[in-house]
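We begin with a single chain expressed as structure tokens, specifically the form predicted alone.
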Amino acid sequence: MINNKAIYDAICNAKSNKKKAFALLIDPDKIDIGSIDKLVALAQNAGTDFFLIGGSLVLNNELDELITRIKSLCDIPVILFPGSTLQLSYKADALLLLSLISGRNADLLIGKHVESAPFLKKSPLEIISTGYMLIDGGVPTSVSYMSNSNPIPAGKYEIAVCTAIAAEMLGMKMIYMDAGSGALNPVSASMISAVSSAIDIPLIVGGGIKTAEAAHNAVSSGANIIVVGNAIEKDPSLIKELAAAVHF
């Protein structure tokens, strides 16, 4: 099946018009289906642009149910942000096909993609090829442990820039720089600015963004989409404040 490009085109159009987007990351293992209604209502009121669904592990079988419930409550696009091939679902609108370009783990550069390709080829999902870059956020994270790869050092802007350029040349449609869930420090404004200035494709930034100031700094430095997950898990009321900082 040939997938449409509605979501990717919307992201590119927003970038062209200098509009920023706020995405709420939901880990299926950390959300109670019974509480999703309240979270979706908060997200809608805040003007959330996307839901990202995914995590490092899969401890339950509620992925389809979670996505179905979210989509029954709102029209906000639901995008899979899979930590493994077990986190795939036809119920979502799109999928970030992540290639871990910051590491040298062949399984996460191409191996897992080969395994999931038949499923994805037949799916109705919009597939968005995304270069995924782990950036050191000050502490070891689940994603660095599970991926068996080292993050790019926080101060090595040139490595991040060259990695992003290479991904764009290879035909990837977006770059996702992630300090990881629970990071002490978000990706720095200087690194975001350096990478954003070097590429023409949309740039997503997540990990360690806990305050409106951090979210504002990220988009002001060149990020097109800000992703927040851990901070919202701890305090859902922050959604409105963080989204407003992105949509300034």
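All residue numbers are counted from 1 along the displayed sequence. Remember, predicted model here, so these are calculated numbers, not experimental data.
One more form of this protein should be noted, the form predicted in complex with a small molecule, which is absent from this view; the next part is about it.
S.K.: Is every one of 180, 183 and 207 within 4.5 Å of the small molecule in the predicted bound form, counting heavy atoms?
M.R.: Contact check passed for all of 180, 183 and 207.
S.K.: Taking 4.5 angstroms as the heavy atom distance cut-off, pick the stretch from 151-159, 170-178, 82-90, 105-113 that is near the small molecule in the predicted bound form.
M.R.: Heavy atoms within 4.5 Å of the small molecule in the predicted bound form occur in 170-178.
S.K.: Does the 4.5 Å heavy atom contact test between residue 227 and the small molecule in the predicted bound form come out positive?
M.R.: Yes, contact at 4.5 Å.
S.K.: Answer yes if any heavy atom of residue 239 is within 4.5 Å of a heavy atom of the small molecule in the predicted bound form; otherwise answer no.
M.R.: Residue 239: no, not in contact with the small molecule in the predicted bound form.
S.K.: Decide whether residue 21 counts as a contact residue for the small molecule in the predicted bound form under a heavy atom distance cut-off of 4.5 Å.
M.R.: Result no; residue 21 lies far from the small molecule in the predicted bound form.
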